[in-house]
Ligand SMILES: Cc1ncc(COP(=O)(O)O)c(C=O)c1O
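Encoded as structure tokens, the following chain is the form predicted alone, with no partner shown.
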């Protein structure tokens, strides 16, 4: 009999696994460049007006517990954002604030998934999606983003899979279908037509659709973002979002889940999400007041985010240009978020797995990235393109040279 639970083995995040190795290398005096975490505040400072509003909340003594599901003022601000951007009319009870999207994932899986239930994820997926599902003894049904089509969804394949699930009587165990747009790890922004067809299929098969839209303003290279909220009116769905990426405030740990409809499933989920929020008592109160200012100060945000996204676009395209010089990588150029997800020819490089490649790369060159298997897509790598050009040049040249030295010509 073991002390730890069987499900606890799923409490892991491969994005940070190699941090231990990186820390040891730094202790040895080695230079390490970490391109593994999507943390914009590391290189692009959180806007001053948001930081100042956090300080003001402290100075004003706003340091006590808040309403478990979030300040009413914050819910009003979030509702205003979605009205401005997407024409959505939200009620207070449609919005549950959480400690980042991660806590929203924890709450929703705990609320919706019983042992033996399933969820549909598209691979490559963000690793915590799988962790939270497995931690609740849930099973996964994997669909695919198609690399040959710029990591969009092939609707015919999805339709065929859903039809099979229905015929085999497995569909009734599927609690939700979750996608990310813009995508982590591929950087893809789904085409509106594709998104419309996904929404139609979810409606046709009675699926509760969840869209993680945490990068919804970080879109570039001519792409246009469409929120599920614009397309899914009248059907059960939810949206995940937060302060971390669009407002460059990762450490504030402020996210939210929007459940706009009032069907039976939506009403049950909203009520239970609040129950889970009450179990953990309160969010960070100063962080919430900073979020109110961040979202409501539209003029300042629009001025700042335009410059922010322009800089991300420059850095991402520069990084892709460098990687395209590597004959052992195949790169799909991202048009959202700040991740690059190239396919690597492991056979020509003499590595047995993408995990072995990533670990050896770190130990030999000091460049830290993440293996694609962590996202459900072996023989791929995930890199973050947020660093300044000089750091990207240093790190990616070392990556490219490492590949050339290991190539089996």
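Quick caveat, the model's predicted, so the values are computed rather than measured. Numbering follows the first chain given and starts at 1.
Heads up, the form predicted together with the named molecule isn't pictured, but that's what we're talking about next.
Colleague: Of 121 to 129, 309 to 317, 200 to 208, 265 to 273, which is the one stretch near the named molecule in the predicted complex, taking non-hydrogen atoms within 4.5 angstroms as near?
Modeller: Contact-bearing stretch, as computed: 121 to 129.
Colleague: Against the named molecule in the predicted complex, would residue 102 count as a contact residue? Criterion: heavy atoms within 4.5 Å.
Modeller: Although the named molecule is absent here, residue 102 would touch it in the predicted complex, with heavy atoms inside 4.5 Å.
Colleague: With a 4.5 Å heavy atom cut-off, would you call residue 253 a contact of the named molecule in the predicted complex?
Modeller: Contact check for residue 253: yes, within 4.5 Å of the named molecule in the predicted complex.
Colleague: Taking heavy atoms only, is residue 246 within 4.5 angstroms of the named molecule in the predicted complex?
Modeller: Flag for residue 246 set to no.
Colleague: Classify residue 335 as contacting or not contacting the named molecule in the predicted complex by the rule of any non-hydrogen atom within 4.5 angstroms, answering yes or no.
Modeller: Residue 335: no contact with the named molecule in the predicted complex.
Colleague: Residues 180, 184 and 339 are flagged as a possible site; in the predicted complex, is every one of them within 4.5 Å of the named molecule by some non-hydrogen atom?
Modeller: Every listed residue reaches the named molecule in the predicted complex, so yes.
Colleague: Considering the named molecule in the predicted complex, which of 215, 107, 176, 151 comes within 4.5 Å of it through any heavy atom?
Modeller: None of the others qualify; the residue that does is 215.
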